[in-house]
Structures are given as C-alpha cells and as structure tokens.
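The chain that follows stands alone, in the form predicted alone, written as structure tokens.
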Amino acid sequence: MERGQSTHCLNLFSGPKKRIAVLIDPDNRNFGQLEVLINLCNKAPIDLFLVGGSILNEGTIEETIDFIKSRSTIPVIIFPGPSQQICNKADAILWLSLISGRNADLLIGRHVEASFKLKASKLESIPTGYMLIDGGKPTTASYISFTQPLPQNKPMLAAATALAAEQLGLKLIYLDAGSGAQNCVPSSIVKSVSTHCNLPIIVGGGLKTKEDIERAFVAGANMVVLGTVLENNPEVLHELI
C-alpha cells in the first residue's frame, strides 16, 4: 500500500460485529513477552493493536510498531499520549480529544502543535472523543492530564458529553477507566452513551474477565480494549475471548 493511501481503519469500529483490540504500551515492552502475545493474537479473533502510552521514551513507539508489523498482519493504530507519538509506520491514529476534562491543552492545544506533523505523516486520522471514567483509583492518564474522571454514578453526564462530541463531528467515543483500573467502565455508562449517541463506542481499562467483556458488549460497546491484564500473563488471552 502506497504512503497516503487510505486504509479506512475507521470501518474497524463500526458495523454489527463486536471487536477486540489489544493495547501495547511501548514503555512496558519486553520483546520476548510481546512476541508471545503477538503470536497468540494471530491465532485469536483480535481485530487490531493499539500502541501508545501516557509517558513514552523517544524512539520506542517506532521500534515497537516495527516489531509488531514484522510478526503480524493485524492493523496497528496509534493510541497517543504526547503528540510526538505520531509515527508513519502505523496504519492510523486515534486523534484524541479529552472531552471528559476541562484541560484546553488536551482538547485542542496539543492538536494545534502537532497539526502539520500529522498532515505530513499521511496517517489516517480518526477524531476520537476520549472520556476518562472513574475506575476506583487514580490512574496515569488522570495524573498526566490534570483532569478528574467522570463519576461512575453519572451515566447521563457521560451521555451528554458523548452526544456533544457527536454534534461536534467526532467519529468515535472511547470510554476509559484507565490503565490498571480497579473497576471497568460501568454497564450503566456504556448503555447510556450507546442509547443517546450514534457513534461507535470503545471501552477499555479494568477489563479482567470474560464476564467484564460480555457486559460491555451487551451494554452497547462496539469494541473492547485489553491491556494491563495481558502484560504479565499473555496466555490469559484465550480465557478472555
């Protein structure tokens, strides 16, 4: 595929099929363990890899994407923290706007700084409304972003936030309890957002069991993201899917 040709990765998030993504944090990499996980994903119904993290040492994202691409044909989409995580080697990037907080830097400021770099990259950019949901303990994402997560007991607030994102023209909603969350995003929030908003919904953070995944799908999620649960024990993947 030539550089600049659209890969239409946005289509991976829509439609009736329920999908599963695996999140890989380049800063937590152990290439031996990562190879085991990639091989397991190649055999399982994994739809895409998300690569990125809140903190990233320079150069690690390119190296990690290269490693994945050399061992799998599963699409790789960047899940960025800092804007320097833009990398030509991926298939697309979730261009996140932190709509659950009131930090203007993460609503538009960082995007302005990186706009020409993203344009030059020719990556497929997928505008995504990113919403942090309280997962029971502070997370790296809330600490780095200087924002408070949305309360678990306010499903209509979550729905109103997602609906505003849809009205502003964003293409996806990402409900995230954060890496290593004690609790996953409540079904009540997923259901409320899916009822009032027509955008595809991604749910991540704190998903530890098959039942957690099933509840998210039943509530209206189009895709779930598995991350921390696989970092220390990739073999658990076959139990979750």
Ligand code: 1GP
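All values reported here derive from a predicted model rather than from experimental measurement. Numbers follow the displayed sequence, beginning with 1.
As for the form predicted together with this ligand, it is not shown, yet the points below apply to it.
Contact annotation: A181 falls within 4.5 Å of this ligand in the predicted bound form, judged by heavy atom distances. Shown alone here, Y130 lies within 4.5 Å of this ligand in the predicted bound form, counting heavy atoms only.
Contact check for P200: every heavy atom lies farther than 4.5 Å from this ligand in the predicted bound form. Although the partner is absent here, T228 lies within 4.5 Å of this ligand in the predicted bound form, judged by heavy atoms.
Just one listed stretch, out of 188-196, 30-38, 169-177, 61-69, contacts this ligand in the predicted bound form at the 4.5 Å heavy atom level, and that stretch is 169-177. Taking this ligand as it sits in the predicted bound form, the stretch 63-81 comes within 4.5 angstroms of it through a non-hydrogen atom at just one residue, F79.
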